[in-house]
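Listed next as structure tokens is one chain, alone, in the form predicted on its own.
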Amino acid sequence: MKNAFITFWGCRGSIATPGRSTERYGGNTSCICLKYDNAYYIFDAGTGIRGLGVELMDFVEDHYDGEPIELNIFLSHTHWDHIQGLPFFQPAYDSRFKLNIYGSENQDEMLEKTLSGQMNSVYFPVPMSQLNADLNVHVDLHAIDIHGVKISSTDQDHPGGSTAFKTILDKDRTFVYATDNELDLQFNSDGTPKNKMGQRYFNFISAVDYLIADGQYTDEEYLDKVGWGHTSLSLIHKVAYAAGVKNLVIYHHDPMHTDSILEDLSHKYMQQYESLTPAMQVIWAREGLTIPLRS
């Protein structure tokens, strides 16, 4: 069985938050990378993708054999905190790389225009036309199979739309990347679906090995932010447990949540769900964390 590792390069939501109060969990916005054997699958391109790019530039120096190194980037949506790192992603400027960028078919031709637009001279000094990598933008998410890794998707409830991705390796190793989704509009307070979108999400995450999920707001914070597109912490835990998720990874931390706040929240929910029978492991995502993907 080939090795598979998920590394977190950015775990913050909304806006990057560097500083002493966020050193443990990190201040970079959304980006994770699955390395499966020697293939790379990147989910979102927030500011965290810059650090990943630095590592990949070191990798290419030792492993380039004349064939472009393929990077597959899956964008949940195009809000700033999920794409703003792309112009700073060094492999995009290097012809030794091939970048395949996947986004929702609901965006159609707008995906490439949006990515190019953020590199307009009004916002950024280098236009997208100067990227030297072999760049391909795809908006067809049906039946994706890249080097034996199968990736499916489902729509989520978020202003402007959002996409969740399920990755299946070796038929029995699974994880779902499902950030920016307002489950409180789709589920009852006990974690049962209350509409069709909720039922689709429930089926999509059922029994997966790892669910990397939006948990931006505390229950109290959510009351003032209904409709903002993010999930309350207690509900994502209830939904994940009811769906038989083995490991829940809380992700997309609120920019106002310092390390000490996240520590307190993590201890509360970890103790609660890891003491149940059966137990559900709860992990709070932080920059630099690497998880081996096991079934």
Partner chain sequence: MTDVNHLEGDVRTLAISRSSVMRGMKKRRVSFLDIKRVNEQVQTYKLQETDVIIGRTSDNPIQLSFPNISRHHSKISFSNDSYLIEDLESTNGTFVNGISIAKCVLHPNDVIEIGETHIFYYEREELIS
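Just so it is clear, the structure is predicted and the values come from calculations on it, not from any experiment. Positions refer to the first chain, counted from 1.
Another form, the form predicted in complex with its partner chain, is not on view; read the next lines as being about it.
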- Contact label in the predicted bound form: Gln281 to its partner chain, heavy atom within 4.5 Å: yes
- How about Arg294: is it within 4.5 Å of its partner chain in the predicted bound form, going by heavy atoms? yes
- Task: Verify the flagged residues Asp37, Leu169 and Arg173 against its partner chain in the predicted bound form: is each one within 4.5 Å by a non-hydrogen atom?
- Result: no
- Message: Given a 4.5 Å distance limit between heavy atoms, list every residue of 1 to 32 close to its partner chain in the predicted bound form, or none if there are none.
- Response: Asn3, Phe5, Glu23, Arg24
